[in-house]
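For reference, the chain that follows is the form predicted on its own, supplied as structure tokens.
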């Protein structure tokens, strides 16, 4: 039996797509055809070899009601936030060519393209500087599969902070999300994602950057039965900058997998990636980061760093930052570490009368807090800090001394 024949999740694909504008029907059909031919990831798929998803793709899922995320804040003046379903019903030409920013989707992103029923479009006109962050909440209330989709478009010199929160207590639910961001020239977007979903989640973020734009991403992942997140940033305009930061805390039998791909397609661009993770219990973490420097992307500067703490003998860490460079005038670096807490730092704290278990907890928190501190919006930074303290032993005591 072939993988595609066995993969129950693919049975939800319709034989044809009859509703919506012609370009959308064509987009959905191409995604569905690719899935029928190639299937969802299996143990033979290289990029998924550390994250087996057979239990997901072969499972029976009822369709969860509604795919549209909820706005958790008022929409600032000058910003348009509209339902994808509403726009596709009344002005579909506005979205043509905007739901496939990084090229044809594959795997779970293709499944989202074929099956999403609604979503959210946030559009920031040129020159608009949004001082108050826009909050978007994806809540999984019960078991089932949902396909949330978010599109963010920013005009020239626009500025925006968007905060996404994924929550849910249903351990047998599946969230398959796609987020696309199209940054105009000199636009600046700060994108914060907080994952507190106890169930299964796969997500993809596609970013397309014009000249002199800046994209900053901070991802905080607090466990999950099985989580896989892909970020692809295309630096297509001269002088574009991209910063990807991540912090993840895995315990029990949770599994968290981060894949990043940054493509330098134009000269004088810069990218930085810093991911830090902690694995305890029987948890598993995966980091796979790729930087591709194309031939015309001279004067590129690109750096990757992945640091991990392994706090139990039964936890597992897989890390693989790497570079693919086809230009000769570049400054690039990458590195990864997997280790335990620093003995000298532990001794320093113990020598000052701090109990050993509290000292361990303090150093663990500090290791991840350095990523959270990069979030510029203070209320969001404080909320993420509190979320970490709630998951780390002795959180109340750490709060009192920090």
Partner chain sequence: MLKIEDLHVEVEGKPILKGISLEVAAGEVHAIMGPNGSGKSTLAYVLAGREGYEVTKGSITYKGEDLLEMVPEARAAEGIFLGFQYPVAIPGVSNIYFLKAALNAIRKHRGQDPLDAIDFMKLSKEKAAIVQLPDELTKRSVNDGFSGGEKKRNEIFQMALLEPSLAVLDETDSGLDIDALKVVAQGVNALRGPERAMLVITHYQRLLDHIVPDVVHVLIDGRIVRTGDKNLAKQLEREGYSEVRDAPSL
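From a predicted model like this one, the values you see are computed outputs, not experimental measurements. Positions refer to the first chain, counted from 1.
The same protein has a further form, the form predicted together with its partner chain, not shown here; the description that follows concerns it.
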*Listed residue (31, 362, 371, 56) with a non-hydrogen atom within 4.5 angstroms of its partner chain in the predicted bound form*: 362
*Among 60, 356, 46, 37, which has any heavy atom within 4.5 Å of its partner chain in the predicted bound form?*
356
*Contact stretch among 61-69, 47-55, 340-348, 22-30 - heavy atom within 4.5 Å of its partner chain in the predicted bound form*: 340-348
*Give a yes or no for residue 400: in the predicted bound form, does one of its heavy atoms lie within 4.5 Å of a heavy atom belonging to its partner chain?*
yes
*Contact label in the predicted bound form: residue 352 to its partner chain, heavy atom within 4.5 Å*: yes
